[in-house]
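Single chain ahead, written as structure tokens, the form predicted on its own.
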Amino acid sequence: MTLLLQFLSNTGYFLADYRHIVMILVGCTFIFLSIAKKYEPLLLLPIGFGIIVGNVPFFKGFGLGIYEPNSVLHYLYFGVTSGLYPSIVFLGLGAMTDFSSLLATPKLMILGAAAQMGIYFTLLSALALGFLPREAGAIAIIGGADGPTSIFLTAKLAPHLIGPVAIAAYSYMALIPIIQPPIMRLLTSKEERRIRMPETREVSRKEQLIFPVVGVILCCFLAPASIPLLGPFFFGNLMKVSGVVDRLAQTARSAIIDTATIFLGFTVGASTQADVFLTPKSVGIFFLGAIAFSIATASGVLFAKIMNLFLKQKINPLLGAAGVSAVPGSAREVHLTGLKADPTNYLLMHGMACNASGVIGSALCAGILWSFLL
């Protein structure tokens, strides 16, 4: 009987409290959204299941938890805390990205920069709410709507906030269809949403080859701290456009990025242990994350409208919302919102151009914040 009672006292059923139940329900919600609603399933499914696994109560000292040295989860989590997984994801993203639309219409790059205003506004807001400077920098990057970048910067500045920041960033990326369209409709008229973009010119192979080389030099010289993200990103793109290492490019955009995404999502989810995750700071992070993402969307749209005051060939201001780096979700929502105003107006490729610019912009902002706040 003593052995039986000792066994029962070590089970998760005995050790669980309301916090574990709350987090497991959050994980189940993520899984439901990924399967039933198809909201970013590649991200929410592994994160959701990781949340469930990370919140199974266990007896301390067995080397089971993600924060316990020498546990399996702890070793897997090293890829998050070291920034390894985000760098690998950026390599795959580079091998998947087509910069033709951006090179054909370079002025759209400005919208990718404008949408990063959400990052700096949130930085000031987090400081005003009492967060430490490094914590504020980690929270602010949520405004870039880039999960891997958010995780990378948080791992460098405030590792104890990786769970809340990552969950907030990926949650808002998944909720793009809910958050962005109302903001776009509020800030634009139907006539503006009907603005047609000209057909893009054909971009030469030489331009495509030069761009990743020039891009990595310009960006990384400006913010050397962005090398771990933008170095692999531009290298992946060079492999894609070169045409001489198709096997490597294919591996980067399939097997490698998929493997990194699996471990990144699962371990980030598992890091949300109830005793670490459910804190007042987490609530503040979710609140600030929503503000950051909304401001980033609005900044891009409003800046496009400002640009139209000086341009002969007007830009559809909806494209400003694609300046966040949530690829390809925000470009898709821009396209769908434009179609509702004019069923023959196709904005997807132009939206992808802004998206690509946003990826570069958010990684640059992460590098700048890291260099200032470290």
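Residue numbers here begin at 1 and follow the sequence given. Given the structure is predicted, the values throughout are model-derived calculations rather than measurements.
What comes next is about the form predicted together with a further copy of the same chain, which does not appear here.
Legend entry - Proximity of R253 to a further copy of the same chain in the predicted bound form, heavy atoms at 4.5 Å: Yes, R253 lies within 4.5 Å of a further copy of the same chain in the predicted bound form.
Legend entry - Exercise: P148 in contact with a further copy of the same chain in the predicted bound form, heavy atom 4.5 Å: Contact with a further copy of the same chain, no.
Inset, instruction - May I ask you to state whether F277 is within 4.5 Å of a further copy of the same chain in the predicted bound form, using heavy atom distances? - result: Outside the cut-off, so no.
Legend entry - Residue contact check: Q313 to a further copy of the same chain in the predicted bound form, 4.5 Å heavy atom: No, Q313 stays farther than 4.5 Å from a further copy of the same chain in the predicted bound form.
Inset, instruction - Flag this candidate site as yes only if V72, A225 and G231 all have a heavy atom within 4.5 Å of a further copy of the same chain in the predicted bound form; otherwise mark no. - result: So, yes: the whole triplet contacts a further copy of the same chain.
Legend entry - Candidate stretches 216-224, 189-197, 282-290, 166-174, one within 4.5 Å of a further copy of the same chain in the predicted bound form by heavy atom: After filtering at 4.5 Å, what remains is 216-224.
Inset, instruction - Output the sequence-ordered list of residues from 77-101 with at least one heavy atom within 4.5 Å of a further copy of the same chain in the predicted bound form. - result: Read in sequence order, the residues that approach a further copy of the same chain (within 4.5 Å, in the predicted bound form) are F78, S82, G83, L84, S87, I88, L91, M96.
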